[in-house]
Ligand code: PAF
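The chain that follows stands alone, in the form predicted on its own, written as structure tokens.
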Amino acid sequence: MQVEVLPSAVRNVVHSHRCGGRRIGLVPTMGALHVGHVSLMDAARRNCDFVIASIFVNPLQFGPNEDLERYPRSLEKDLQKCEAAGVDLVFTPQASQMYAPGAESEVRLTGLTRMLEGRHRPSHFDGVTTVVAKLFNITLPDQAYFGQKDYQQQLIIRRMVSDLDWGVEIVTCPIVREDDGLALSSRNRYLSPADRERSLVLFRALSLAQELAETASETPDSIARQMRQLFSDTDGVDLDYAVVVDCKTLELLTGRPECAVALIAARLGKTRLIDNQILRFR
């Protein structure tokens, strides 16, 4: 497995493989890798000839008073996981190599980035789209792999790729969960034992949403209200939002659609978790 820190070195490697007709897959990460990340690498390995994983804690997507400095970093362990998953090249740049002094350019969407996560974390998605655009330009992937857990993020990246005519196929892989239902996240390690137990309310709320979606009398609005009631009944959890929205636009729904997505964001102590469930109405 090759490890590179310079964008120019990655471009040279990519150029040689593209000239050889190899299909390139990219798995962008911020490190602190877990089984969910590895599942993305496994999917890329199955579908692509040459797999690149990036490990970069992107400062642009952290707002004031967020956890940039304490965000977990475990590069050596991450590299071991990448090698075990069959990754061919790992790109591990420093911030100074990704953002030159005096850089003024950014990639920004104006609709999807301003709701839900964007409302609670202003400028977060501007940092995401800018760094993903740069990674696409450096690695020139045929496919890029993202997890469903960051549902709004993958939707935004799909929109960016479509709007800017990038020839990149976005592949969204299923959420990987602990045995008790908690979605895997690098931030789970922040949870105290008590908060870890309380965190299961997210999965309970999503399971309730799916159960209610299969009940003919329930609407998206009533499902969201009952999800929020679960959080009201759980001490020590500060809910940012629990909604049922359109799968593509994230707009609130009326009636009973064929497909919707339940989205949750909540804080437990200093740790903020997100989760979601695609709902099938019957």
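The first residue of the sequence shown is number 1, and the count goes up from there. As the structure is a prediction and not an experimental result, all values here were calculated from the model.
The same protein also has a form predicted together with pantoate (PAF), omitted here; what follows describes it.
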property	result
Heavy atom contact within 4.5 Å of pantoate (PAF) in the model of the complex, the stretch among 41 to 49, 215 to 223, 24 to 32, 237 to 245	24 to 32
Cys173: touches pantoate (PAF) in the model of the complex, heavy atom cutoff 4.5 angstroms	no
Proximity of Asp150 to pantoate (PAF) in the model of the complex, heavy atoms at 4.5 Å	yes
Heavy atom of Val90 within 4.5 Å of pantoate (PAF) in the model of the complex	no
Heavy atom of Val131 within 4.5 Å of pantoate (PAF) in the model of the complex	yes
Every residue of Ser74, Asn188 and Tyr190 near pantoate (PAF) in the model of the complex, heavy atom within 4.5 Å	no
